[in-house]
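Just the one chain here, laid out as structure tokens, in the form predicted alone.
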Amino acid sequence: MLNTEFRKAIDEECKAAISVKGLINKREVRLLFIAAAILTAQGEILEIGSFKGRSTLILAKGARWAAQNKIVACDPFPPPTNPNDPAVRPSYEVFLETLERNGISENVEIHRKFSAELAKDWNRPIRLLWIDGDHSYPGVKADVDGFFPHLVPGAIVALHDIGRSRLPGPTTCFMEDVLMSDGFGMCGMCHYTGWAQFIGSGGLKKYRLEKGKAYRFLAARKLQQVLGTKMRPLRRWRYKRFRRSGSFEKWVFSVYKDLVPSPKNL
């Protein structure tokens, strides 16, 4: 059973994060907070793609519960498409304001560069990897190839925009490099976020039912997108149910119930 303080923190911190402009919804925010707060492994928390700070904020808040003082955020923060429009503010400016306003400026190690550049010199173990940067297949594949070698057993990987028709890169990499990999175990979907736990070996055999089910649903989704057809009502209902069924929250609290943090870490 979750301690009362932590349950309250989940609701409060997620509510604060949703107030920041971003593209991840409330359920995905909860996933990131819990993944950062519960130490399933030892290592860094690395965020690829920060935008205006919604995911950065919730990861840093969660890390505090795990007594981890810093997370790493990587984003080139490109200039506005129309820099002459005074109503459009640079995302990096808004990002820094988000950190300052929420008191986490000292808790975020910022790398204002492309993730491929960071990967060249990266040599630290990773316990939580959040990929929400370049959504092209080459871009996501570069992140996977660059940072997966640094995952430690027990680490959590989460990729955003899985199953979106206009963004096939994350879906393909999640299917081929996570679901079909022997190195990953338990997996699931949370809205448009696909998640899995890195276990080192034996994942494909022991968790073949969970991974196979996810692969089949996503493969059917991709085929439907390629053919330009619509899902039949029953299949669409099953697909939506699948996106809600891989409850990270339920799984992590059942497996790591002894690691639920307490307020003494704050």
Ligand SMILES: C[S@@+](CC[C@H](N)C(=O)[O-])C[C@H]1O[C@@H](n2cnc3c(N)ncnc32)[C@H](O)[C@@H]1O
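All values reported here derive from a predicted model rather than from experimental measurement. Residues carry their position along the shown sequence, with the first being 1.
One more form of this protein exists, namely the form predicted in complex with the named molecule; it is left out here, but the text below deals with it.
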Please identify, from 168 to 176, 99 to 107, 131 to 139, 182 to 190, the stretch that has a heavy atom within 4.5 Å of the named molecule in the predicted complex. 131 to 139
Within 4.5 Å, heavy atoms only, which of I71, L151, A158, C74 is in contact with the named molecule in the predicted complex? C74
In the predicted complex, does P78 have a heavy atom within 4.5 Å of the named molecule? yes
Would I45 sit within 4.5 Å of the named molecule in the predicted complex, counting heavy atoms only? no
Contact flag, A16 vs the named molecule in the predicted complex, heavy atom cut 4.5 Å: no
Considering non-hydrogen atoms and a 4.5 Å limit, does the named molecule approach R124 in the predicted complex? no
Select from 22 to 36 the residues with a non-hydrogen atom within 4.5 Å of the named molecule in the predicted complex and write them out in sequence order. G22, L23, I24
